[in-house]
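Below: one protein chain in two forms, given as structure tokens, structure 1 then structure 2.
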Structure 1
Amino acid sequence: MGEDTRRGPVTGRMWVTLIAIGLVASAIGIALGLSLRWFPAQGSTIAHKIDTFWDVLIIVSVPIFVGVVTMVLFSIWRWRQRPGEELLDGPPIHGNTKLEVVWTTIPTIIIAGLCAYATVLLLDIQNAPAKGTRVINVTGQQFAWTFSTVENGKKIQTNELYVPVGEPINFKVRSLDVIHDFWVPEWRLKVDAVPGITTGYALTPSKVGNYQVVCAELCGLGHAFMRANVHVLPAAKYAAWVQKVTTPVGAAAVGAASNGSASVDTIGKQLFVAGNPSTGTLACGTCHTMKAAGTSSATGPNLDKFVAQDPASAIREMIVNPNKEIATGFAKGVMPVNIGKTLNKQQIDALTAYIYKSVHRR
């Protein structure tokens, strides 16, 4: 009676096969899970710890999932109702205390192990930074980042983040308006920038390169574009950069550009492509395309087209009062409204003149 044995208890041999299948499937699953390139580059000294933790999580989770699926599929394969069994009932098994103890205990042990590991790891990565650690103040606002630090007794403020490799840095994160989130995927840490309080974390960048700060908390319409470049530099290059930006005549610092020595044109272009980091003005080029400035974003209207017919006064009005008229096809509330306040009169004039000249040149 093949029928009876099929419905009978699972034989020892079958158990062996079943467990073997489970093990093999788990092994394949784990191998697959570990071979995928999950994470971006390891850019900080803690990155590899997180990545290892992830590997452990894969190794623990895959067998749990595979185990459940195997048992389900096995049950279906072996005990599904076949023609002629429509009125058959299964055996009235109500439970099995021993089994229930087992499947309560094993997850408890797994959970305890994972929590212990995670706790140790967390305490490790949130360890207080050593005294004298370099402090960088990170400020978020819709939709830009400002970074400021003190080097050689001078305050440096930028819209891009420059850090030396291999040195611990203590980031102090703040926000001027709504909640943002300071995240560099390669570094693996993130924290919200919360208005009213200072948050932050400390880490040590370990890999030279260019990365991006990604704002990871929905902060309004420009959230998707709230990025900033990160330059992790070798110590020597970093020192050179510090040297450059702290020397008053350096053209890289925009604040310096407006001290009168540069022409109106340079100031305008500077503001357009770099903004004014010291007051938090966003670079226009982050959102607008304009050939003359070499920018090419489509968040806001293409200025070569949209303002080509407008007189300078109108352009000025659009910059100071962006919500008064909304370019068709674009949303209100993306273009920052604070430009009129964060730039002084000369700067706005220079910017307007520069845009006017650039779009009417053709």
Structure 2
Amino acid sequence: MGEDTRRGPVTGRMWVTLIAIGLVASAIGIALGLSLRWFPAQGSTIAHKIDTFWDVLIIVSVPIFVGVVTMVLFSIWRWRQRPGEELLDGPPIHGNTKLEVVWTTIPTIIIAGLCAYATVLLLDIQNAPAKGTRVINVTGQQFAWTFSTVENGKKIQTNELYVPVGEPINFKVRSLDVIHDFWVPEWRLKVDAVPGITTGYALTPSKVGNYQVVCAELCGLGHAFMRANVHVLPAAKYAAWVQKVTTPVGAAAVGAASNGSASVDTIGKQLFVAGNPSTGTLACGTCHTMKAAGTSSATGPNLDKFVAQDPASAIREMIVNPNKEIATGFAKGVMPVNIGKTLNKQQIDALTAYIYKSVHRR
């Protein structure tokens, strides 16, 4: 056995030094944590509540982190093994019941307090005013979002989200295939889109601007591209937008192909910008940019460039067999492969003709 060079107990002066170091480090850590911009600008009336809760978590957690790290580093320095102590046993220690009660009780109280705060906050957010709340249906599908609502008695379906500022909105969220997650970072809230059930939340957008819907749940190869534009408009501009788009959409207009009550161009454009809700066919404009249709998504290739030199037959082949030719920078398996089954021949012909005419119109 080597020479017994065990260190003695921690002195009062050491405790004062440790506490002083912990207080200074905690103050610096809290100040730094509160000064960092963790989130984008607040875009809803409840965003400040979420941000305040985050600040509380920083104020509570930083001192705990600093205290643990300070004690670990002090212990390493104070009781590290020195030359000649390789064969020594550690000093005998005995349990301290009072200390064990303290370090169990304090964390329990902290966690219980934070859980109570979070519960009250969640209930407050969920109790959004229901009277006059506008309902918007959100549908997730690999790998895009579609939105529908009713204005002036007419259904509107789009691949970009338009909402008025300052009005409560109730989002009803669904999925047609796998689990997605509906999230606009500026609004702070997000909710899973789960197949077979309807989830959602209510909030009031508070800031005019353009944002993005982000899928926050890994949902397949195209997950990173599953985004959609959000337009928060003043009341007058929203009313003008509603006036512009309140025309019959969806299955009724698309189905007109079978009885000749709509032109081929009308049917093709309808399929491109709205899809076919009755069969779950996603709108092409949800993922592709095409100037003539007014779409600007970058989930898939820009059709104005990608098919500008292609004949109609090649465009049709890309619709029914999308994995045959993949544009540089895009992954195989992102575009739905069942369009040839969910649309009939007349609808595919109309969609092909519309895309061909649109990209060759110069």
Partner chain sequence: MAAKLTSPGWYRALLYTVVGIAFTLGMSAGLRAIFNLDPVYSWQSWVTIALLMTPLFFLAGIGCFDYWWRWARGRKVVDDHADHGAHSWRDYFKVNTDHKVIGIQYICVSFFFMFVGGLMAMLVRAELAQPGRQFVDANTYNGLFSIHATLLIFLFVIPVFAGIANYVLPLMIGAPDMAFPRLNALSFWMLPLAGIMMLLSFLAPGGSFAAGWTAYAPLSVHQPMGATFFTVAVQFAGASSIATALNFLVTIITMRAPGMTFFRMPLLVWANFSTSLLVVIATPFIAASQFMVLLDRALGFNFFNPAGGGDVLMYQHVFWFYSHPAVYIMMLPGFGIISEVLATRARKPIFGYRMMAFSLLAIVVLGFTVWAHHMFVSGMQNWIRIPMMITTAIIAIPTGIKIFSWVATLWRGVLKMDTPMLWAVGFITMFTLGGISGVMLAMVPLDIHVSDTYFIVAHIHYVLFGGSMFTIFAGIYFWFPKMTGRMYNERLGKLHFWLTFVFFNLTFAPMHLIGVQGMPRRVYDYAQEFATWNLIISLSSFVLGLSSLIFLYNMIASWRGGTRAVANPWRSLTIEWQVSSPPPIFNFDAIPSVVGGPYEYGVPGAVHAVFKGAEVPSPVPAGAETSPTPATEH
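By convention here, residues take numbers in order along the sequence of structure 1, the first being 1. All values derive from a computational prediction rather than experimental measurement. Throughout, rigid core stands for the largest set of C-alpha atoms superposing within 1.5 Å between the two forms.
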Looking at the two shown chains, say which is the form predicted alone. 2
For a quick test of reading the superposition: does Arg227 move by 2 Å or more at the CA between structures 1 and 2, rigid core aligned? no
Once the core is aligned, please say if the CA of Ala47 is shifted by at least 2 angstroms between structures 1 and 2. no
2 Å or more on the CA of Ala353 between structures 1 and 2, with the rigid core superposed, yes or no? yes
So, with the core fitted, how far does Lys269 move at its Cα between structures 1 and 2, in angstrom? 8.2
So, with the core fitted, how far does Pro83 move at its Cα between structures 1 and 2, in angstrom? 3.1
